[in-house]
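Below you will find one chain, with nothing else, as structure tokens; this is the form predicted alone, and questions on how it binds or moves follow later.
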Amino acid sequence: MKSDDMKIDKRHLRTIRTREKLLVAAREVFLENDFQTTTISQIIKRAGVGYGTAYVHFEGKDELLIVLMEDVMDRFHQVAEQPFEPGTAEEAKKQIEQQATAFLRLAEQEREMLRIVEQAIGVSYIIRAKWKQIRERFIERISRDVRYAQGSGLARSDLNPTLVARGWFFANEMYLFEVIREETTASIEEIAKTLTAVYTTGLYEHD
């Protein structure tokens, strides 16, 4: 390897390590405090990097939280992106309930980080806009599943797939935040079963 190439590789490695240090520090400081009281200075100090170096990677705490939020939500997207090719309405209902259960279980597992996200949505336009993007990605995926079910003759064809998907996602989102806040007295399984029954009865039961 040429000397110049080695220098580039080392520089690239330092960049990756610095970015990772900042993200680890940001997660720790956010969880110790909350979004509003956390400052970028606290994060930089915890990471042990220079201010100039830190600002090369992130302009502020909002950008750091967006990366952390994307990492968490990627796990939710893995649930949503599971293949959906049911042969019967009953198969569809079963898979939808399994996905709803997994979605809420993840909310339970990621409760602490998602609490920070919820705080940030309320006070940061940047985070709110990012959450909207995340939401729309889920809605588009659900819309594709609805269109598949309609095209297979399993679901009602007179309903708008996007409107159906939005309704389904918003119902799940509401319970996601209730789980995060520990406001619900029902079990994850009961919530998922009830949500699925209400959703699929309207979509899948038709003449």
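For every residue, the number given is its place in the sequence shown, counted from 1. All values reported here derive from a predicted model rather than from experimental measurement.
Keep in mind that the form predicted in complex with a further copy of the same chain is not shown, yet the notes after this line are about it.
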Q.
When a further copy of the same chain is placed as it is in the predicted complex, are Val164, Leu195 and Thr200 each within 4.5 Å of it, taking any non-hydrogen atom of the residue?
A. yes
Q: Name the residue from Leu159, Val56, Leu31, Val67 that puts a heavy atom within 4.5 Å of a further copy of the same chain in the predicted complex.
A: Leu159
Q | One residue of Ile40, Ile180, Leu154, Val49 in contact with a further copy of the same chain, assessed in the predicted complex (non-hydrogen atom, 4.5 angstroms) | A | Leu154
(Q) Against a further copy of the same chain in the predicted complex, would Glu140 count as a contact residue? Criterion: heavy atoms within 4.5 Å. (A) no
Q.
Residue-level contact is defined here as any heavy atom of the residue lying within 4.5 Å of a further copy of the same chain in the predicted complex; does Ile96 satisfy this criterion?
A. yes
Q) Wondering, does Ile44 line up within 4.5 Å of a further copy of the same chain in the predicted complex on heavy atoms? A) no
Q) With a 4.5 Å heavy atom cut-off, would you call Ala26 a contact of a further copy of the same chain in the predicted complex? A) no
**Q.** in the predicted complex, residues of 74-104 near a further copy of the same chain [heavy atom within 4.5 Å]
**A.** Phe84, Ala89, Ala92, Ile96
